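Shown next as structure tokens: one chain only, the form predicted on its own.
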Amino acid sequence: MSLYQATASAPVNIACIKYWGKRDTKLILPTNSSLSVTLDQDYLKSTTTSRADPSFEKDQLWLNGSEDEIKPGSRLETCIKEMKRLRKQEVEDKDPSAPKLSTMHVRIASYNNFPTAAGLASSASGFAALVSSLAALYALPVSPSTLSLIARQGSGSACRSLFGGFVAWEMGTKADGSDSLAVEVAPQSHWPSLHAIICVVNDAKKGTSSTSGMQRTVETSPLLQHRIKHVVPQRMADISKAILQRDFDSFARITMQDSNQFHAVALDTDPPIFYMNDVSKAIVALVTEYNRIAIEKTGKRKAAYTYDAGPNAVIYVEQENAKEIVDMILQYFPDAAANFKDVFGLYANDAKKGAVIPGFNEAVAHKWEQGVKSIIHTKIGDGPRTLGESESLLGANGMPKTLA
């Protein structure tokens, strides 16, 4: 009997222009457009295997080895149901000889190689991997933008993980969400020197989930309404131009301004939401001081911080300045050195990690013996990948393999 199975991996994306707030909570239609950078999935990814079989009695999903109930009406059920509908519409209705996979139940195993629900956008890569795996299983002849319409219904930011490089999620205006999709602004190859330094401040599950937090913001924040109408449209245009021109100074300025405003909107929510903590704010101060020195010397910024709905910092930087940034973080957060994998060879022959940048105002911040748990140095990455049988997360019996 034929084995109907496919495995795919999908990357994390980190937004420069933030998505916060829905105009339709069921379809996950955003109140504003957003733009993100896809990170290299060799370091951060979700991998998913999907299998269809007539013997399966129900749809089942395991996340990191534990079964995750697929509740009626849930986002998981919606995505699976929509992918089956697409299989029937695009393949089976057009080719009567095609196997009727849309009628079979599926078993799905998914694994993240980074902390779930820790502000590292695990739901984005997770739902993108789910949709990509099912698209491969169902041999769907559709574009990533079409798949993004379904991934969006699992997690809004997941639609942006259907592409590599720089990605815009266009908010759309139609009530059915048919124009709320992801499009590529520039491919991974456009700006290869752009790197990201992720400072993991806290890998615990956050107190206020993004879903509940953003709805509270929509209902109570006057600042959000100003942001939607008057700020984001211009920023989307300006940052797209900066990316296309590889203008790091403008890219950095807009990215930091938007991160600041997103957290101001969270603070403007009633009652207020705090996603950043004291360590997060200390990193902002360090990057601000680092840029002050750079602007004095060259007239341009050299780093850009951004924070999603959590305390972890992502610092965008050109590759040539990556060591300075890591040095600065390790100088003020020395404990992070124990969990820093120097994959880019910044410290040849185990040279001393951590150093004060000349001209740095040390009154800006004090040394934290704890605070940053680990540092992940990565770069811009590609979109979802279809993997071979050897990468399958399901065993011959259709159950998840034991994950090391």
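Here the structure is a predicted model, which is why all the values come from computation and not from measurement. Sequential numbering from 1, following the sequence displayed.
Same protein, other form: the form predicted in complex with a further copy of the same chain, not shown, and the subject of what follows.
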Inset, instruction - Would you check, heavy atoms only and a 4.5 Å threshold, whether L346 touches a further copy of the same chain in the predicted bound form? - result: no
Inset, instruction - Give a yes or no for D268: in the predicted bound form, does one of its heavy atoms lie within 4.5 Å of a heavy atom belonging to a further copy of the same chain? - result: yes
Inset, instruction - May I ask you to state whether H226 is within 4.5 Å of a further copy of the same chain in the predicted bound form, using heavy atom distances? - result: yes
Legend entry - Contact test in the predicted bound form: V231 vs a further copy of the same chain, heavy atoms, 4.5 Å: yes
Inset, instruction - Scan Q188, S110, Q261, T217 and let me know which has any heavy atom within 4.5 Å of a further copy of the same chain in the predicted bound form. - result: Q261
Legend entry - Contact assignment for a further copy of the same chain in the predicted bound form, among S240, Q331, T146, T288, heavy atom within 4.5 Å: T288
Legend entry - Three-residue site N277, V284 and H366 fully in contact with a further copy of the same chain in the predicted bound form at 4.5 Å by heavy atom: yes
Inset, instruction - Report the stretch among 207-215, 160-168, 250-258, 99-107 that approaches a further copy of the same chain in the predicted bound form to within 4.5 Å, counting heavy atoms only. - result: 250-258
